[in-house]
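One chain comes next, on its own, written out as structure tokens in the form predicted on its own.
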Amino acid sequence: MKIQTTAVHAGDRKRRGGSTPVTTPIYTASSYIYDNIEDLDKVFGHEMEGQSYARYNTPTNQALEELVTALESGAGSLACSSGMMALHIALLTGLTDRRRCVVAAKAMYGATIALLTNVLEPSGVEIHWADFCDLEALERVTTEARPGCLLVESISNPLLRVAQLDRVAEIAKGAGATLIVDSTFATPLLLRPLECGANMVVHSLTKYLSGHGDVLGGIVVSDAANLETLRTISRTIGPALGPFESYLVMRGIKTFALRVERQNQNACRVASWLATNANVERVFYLSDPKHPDARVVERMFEPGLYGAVVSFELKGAARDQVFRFMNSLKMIVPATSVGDVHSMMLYPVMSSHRELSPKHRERMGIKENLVRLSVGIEAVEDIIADLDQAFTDALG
């Protein structure tokens, strides 16, 4: 079954009594009872399928998890209250019974870096950094650090680097480490990391999968080897996504393939237009044949799909000029997120990478004149027209 069909049908239409709801209902109960206590005992003991307590699962959550598991070709999933919660519990799972050490990609989302340096490192987890696009350097760091986990983004935020995940998975396996991939920017439509050898894949459900800017959530999709550990930890710390949020995400996923395809098409045209604009110093987008990872993208991604995020530098712009440019936008929304149906622009220095020092941002290649555009499903002519008038109004 094609992924577009799976997105519409997986997880739904479980028979309940004498009828079958066409979409999964919202189950708000916190506890569940059975005809006899022996059955509840079996559910608690994992001898029988069923619900017992909402901290563990609900039928609505379970349907969402089944859906995303199918999209990512996994063994099982855990829906969480946010993308960062999903990433945190994935790391806890990956480090269980392994050396408390993480080798992480140098280029990542600012909050992920903060999680590693401000939460895990003070609790005794060693953190090492590596360029995952340089396989020799990655193997060298991995050999020296002997990590329990490797952590990378499938498309890095915000400069859009892409590592060879299948080769990275081989390095992780050789070191006895789990490979965790945050694949929020790629979505299962472009790339499925578990099929490349990763052990867990994380998504912010807030972004492309739900896609409408109205729900906060995250999910971990696991291979069979790590699934029970993931579930055991979750039953204790209780990161569960609420049933209303699970319902909204499922509803969004039904159209995610259509949305992401349109967003990708629009992004290609916007990136091409930006590359010819005199106000733009540099464009970061994966369709560029001069992109440093162009061959990797061609080999690993679905044909013709390059993602829907375009980052670019405003020529000679300081912070106040970037602000003036963003304030001049009339349709594109200057807000913090990606993947919504409407186009959105973010200033990484101010938001996603704000907590990093200027020197750290500079080492990552994030300059003061960089903005990140999440391209929506609007008519591409209107997106380009809005950018054009903002350039004229702010930069002349």
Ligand SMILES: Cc1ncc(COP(=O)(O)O)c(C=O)c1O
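What you see is a predicted model, and the numbers here were worked out from it, not measured in a lab. Heads up: residue numbers just count along the shown sequence, starting at 1.
Heads up, the form predicted in complex with this ligand isn't pictured, but that's what we're talking about next.
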Would Phe256 sit within 4.5 Å of this ligand in the predicted bound form, counting heavy atoms only?
no
In the predicted bound form, Tyr306 touching this ligand (heavy atom, 4.5 Å)
no
So in the predicted bound form, does any heavy atom of Leu248 sit within 4.5 Å of this ligand?
no
Is Ser82 close enough to touch this ligand in the predicted bound form, meaning at least one heavy atom pair within 4.5 Å?
yes
Pick the stretch from 69-77, 313-321, 176-184, 125-133 whose residues have a heavy atom within 4.5 Å of this ligand in the predicted bound form.
176-184
Report yes if all three of Tyr109, Lys207 and Leu216 come within 4.5 Å of this ligand in the predicted bound form by some heavy atom, otherwise no.
yes
Can you pick the one in Leu241, Ala104, Ala198, Leu87 that has a heavy atom within 4.5 Å of this ligand in the predicted bound form?
Leu87
